[in-house]
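Listed next as structure tokens: two forms of one protein chain, kept apart as structure 1 and structure 2.
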Structure 1
């Protein structure tokens, strides 16, 4: 018997000098100031900031779905397009984007098919169970609630075992109880493959619970206000929610957010 195949090397996300301005009926609207951002391979970084500050735009640029005006994006030295083509990059948006004519199981399996990976019914069914949808494999999206569809979309992203996972408010459509459970149950799945995760969330507690770093952005044009390390052991557990370290980290993030909002008001 030959040696076990080596695990993929964790992929670093590196954005250098990235900026973005939108042009429309209101003229030029700067969204992102020139920004440098690095996510260490195998780690999770959460972006928080005021609504409309450019968090989702930054995520789309990292995914290669939006072009930047300046700067570069490198995922382990490759472009986002290259990683996406081999199924190593997955993106979950606020919208589930499930195909209405495919069953839930068919939608989750589609991620592997598009990445030209062999089918794995056992993995697909396990992911469906992990997101709390066992028993609904044969249902089509129209028969599912919005929260159920969102959980299916997350399972589809994880089906390829991505090396880079980009999450834009992925739990925003689910109820609070389910959101808390997914916050605890899903990270071990992407940590098994040493995935590098960049996520956008409006929930400070979610950002702290899931991430190794929380980056706070200012109002637009967004710039980095604070870069806060999260010193909590893994795996993260429900008990951590009541620890002093958890509460103090939340307080630091909230203070940075308050400063960002105060600065924005002063600039008006």
Structure 2
């Protein structure tokens, strides 16, 4: 049985020498160069990089959903498989992956069911309220907007009190205003739980606003171009968006991204 959703022990994510090459009809496509990456327990790290550079592959390897060709993944000393089997890992996918035949409450409760945790209606309803969806418990996903569905998907992730939270562009499919709103509303929920978060995003401002470190990846095969610390206090607020610290961090990330793309173009 996994831990209850109150403050789990922080778990460090450590990827060592991880690489990946896909083999398809058109031959071998190297996606990740051998790479080391560490996310301190309880912190949030954002991966940014050009489209198709292998960010999501790296995240799937960290989740144990994809195997790496070389290297190891250790989550607090355990393999991803062990954490998944304990229900201590949760993934928010690019698509919300809500099951259309289950109600909102049923979808949030599904996280606990899949993690073999006892049903807890009180906790599920509380989470639904905390992601701002109170009153929609009985609705099916088809009746919810894109933003509401993403909130529900995050609530499903949090329902198991995960020690490791992997976010694969969870707000990529919603509009900018909704994304900004979700960026401010949702992170405090997982930060309260001490979960270690590895996220992939295309939005530089989202990466800076949500994380403690931003790692910029090069074009395929991906390698680390820059590792930038974010020196903003927690909790992050809307006011911070206009501070000099926030802007200067964004500028550094964008500069690193531009370098990554220029070097990729030169390589082509």
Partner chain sequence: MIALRAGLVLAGFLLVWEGAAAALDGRFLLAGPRDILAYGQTHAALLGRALAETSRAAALGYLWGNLAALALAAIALLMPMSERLVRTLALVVFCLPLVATGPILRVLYGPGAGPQITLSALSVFYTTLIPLLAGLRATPRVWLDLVASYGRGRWSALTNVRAMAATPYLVAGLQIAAPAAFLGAMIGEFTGAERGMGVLTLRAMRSIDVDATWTLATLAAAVSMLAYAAAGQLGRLLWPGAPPVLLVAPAAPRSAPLWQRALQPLAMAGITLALWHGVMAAFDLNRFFAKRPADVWQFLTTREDARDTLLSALAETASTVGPGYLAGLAAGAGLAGLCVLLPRAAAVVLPVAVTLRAVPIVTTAPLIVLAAGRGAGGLVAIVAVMIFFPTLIACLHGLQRVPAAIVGVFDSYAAGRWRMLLDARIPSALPAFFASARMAVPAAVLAVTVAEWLATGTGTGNLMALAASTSDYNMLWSAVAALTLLAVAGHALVAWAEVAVFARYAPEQLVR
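Residue numbers count along the first chain shown, from 1. The term rigid core refers to the maximal set of C-alpha atoms that superpose within 1.5 Å between the two forms. On a predicted model such as this, the values are computed, not experimentally measured, just so you know.
- For the form predicted on its own, the corresponding chain is the one labelled structure 1.
- Positional change of residue 132 between the two structures reaches 2 Å or more at the C-alpha, relative to the superposed core.
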